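Single chain ahead, written as structure tokens, the form predicted on its own.
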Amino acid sequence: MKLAARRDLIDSSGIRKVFDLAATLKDPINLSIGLPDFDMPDELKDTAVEAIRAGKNRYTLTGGIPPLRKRIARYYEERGVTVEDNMVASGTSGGLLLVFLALLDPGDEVLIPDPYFVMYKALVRFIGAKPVLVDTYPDFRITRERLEAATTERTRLLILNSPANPTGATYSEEECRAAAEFAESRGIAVMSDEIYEEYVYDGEYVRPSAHLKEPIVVSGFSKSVAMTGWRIGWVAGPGDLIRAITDVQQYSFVCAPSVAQETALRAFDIDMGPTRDQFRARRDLIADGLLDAGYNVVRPGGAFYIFPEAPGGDGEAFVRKAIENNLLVVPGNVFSERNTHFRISFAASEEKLRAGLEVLRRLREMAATPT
């Protein structure tokens, strides 16, 4: 069968390839997948069961059930973020696709800080727009100078992701303000992916969206309360964009899953403070362990990832050695135009993290030993 040419613009996610490989190993130390290692809270399971039994199993309005949309609006109002409207999407991934389809024409350029979440580049290319990667190495910071250097007359959108996947970087007040002022002075739209907002470990969360006059915000509950399989997220932003992406959803996803919407309404009231504290301790364990072992690494401020430089500077080769030692991590070129780093997910038990650190220490020592 002849497939559309656009199919050749995307490849299977490198993360999924590692995930498939994990299935072939016996009890691997799996620090590869960006998935919370806890189950969805019981009160949310109860809410879902109640919704099912109450018959809330049919199509909803395309943009989402009104109580959930009102709750999303209140959420941003309480945090000082000016958003005119919102809609409920089938996961943040669905939200990303809807925004790109409604906002970008073929040939439009999108600024994406590198390293980046794999889906940004793939989806932008898939719809015929052009991803322009903004190099943020070695500190993973965004600056006006870096953005200016990558901007052309075709630049239409800037994507910000803080806390970030795969680096765990969190942007400062100064960085967010500088990015906002730059984009608004150029007439460039800004989309802030805030899916990891619950996991900020050092001080208060600085929202990129709070510094924008017309932010486009994508978020959801997949990471914060482990609702990854429920496919529930949202997009908040200017009214004309929300109306446009709602129209696109009508002819694509139709609506977000009905029971997931009812459950998400309850999820706003879940206190994730204890889980955040647990992840902060894991962050410290893995970051301190890598630094003690001699790795060049930036301590992440959020999310549940850390992005060390591979000994020898070849991320793929290093990951192959790790896999030979029953440790699963992801090569950095899955998330970047560079092949110098690798990603560790610390959404794993302390026991697994300590076991992974032992392998990483051993590999670092081997790399430092002359042959």
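Quantities reported herein were computed from a predicted structural model and do not represent experimental measurements. Counting begins at 1, following the sequence as shown.
From this point on, the text means the form predicted in complex with a small molecule, which you will not see here.
> Pick from D114, E262, D193, E198: which residue has any heavy atom within 4.5 angstroms of the small molecule in the model of the complex?
Contact check passes for D193.
> Could you spot which one of T151, S93, T82, S258 gets a heavy atom to within 4.5 Å of the small molecule in the model of the complex?
By the 4.5 Å criterion, the partner-contacting residue is S93.
> Flag R144 as yes or no: does it have a non-hydrogen atom within 4.5 angstroms of any non-hydrogen atom of the small molecule in the model of the complex?
Heavy-atom contact with the small molecule at 4.5 Å: absent for R144.
> Is F182 one of the residues lying within 4.5 Å of the small molecule in the model of the complex, judged by heavy atom distances?
No - in the model of the complex, heavy atoms of F182 and the small molecule never come within 4.5 Å of each other.
> Using a 4.5 Å heavy atom cut-off, state whether R71 contacts the small molecule in the model of the complex.
R71 lies outside the contact set for the small molecule.
> Is there a heavy atom of Y120 no more than 4.5 Å from a heavy atom of the small molecule in the model of the complex?
Heavy-atom contact with the small molecule at 4.5 Å: present for Y120.
> Report yes if all three of T170, S172 and R276 come within 4.5 Å of the small molecule in the model of the complex by some heavy atom, otherwise no.
Per the other structure, none of T170, S172 and R276 touch the small molecule.
> Specify the contacting stretch among 218 to 226, 249 to 257, 130 to 138, 203 to 211, defined as having any heavy atom within 4.5 Å of the small molecule in the model of the complex.
It is the stretch 218 to 226.
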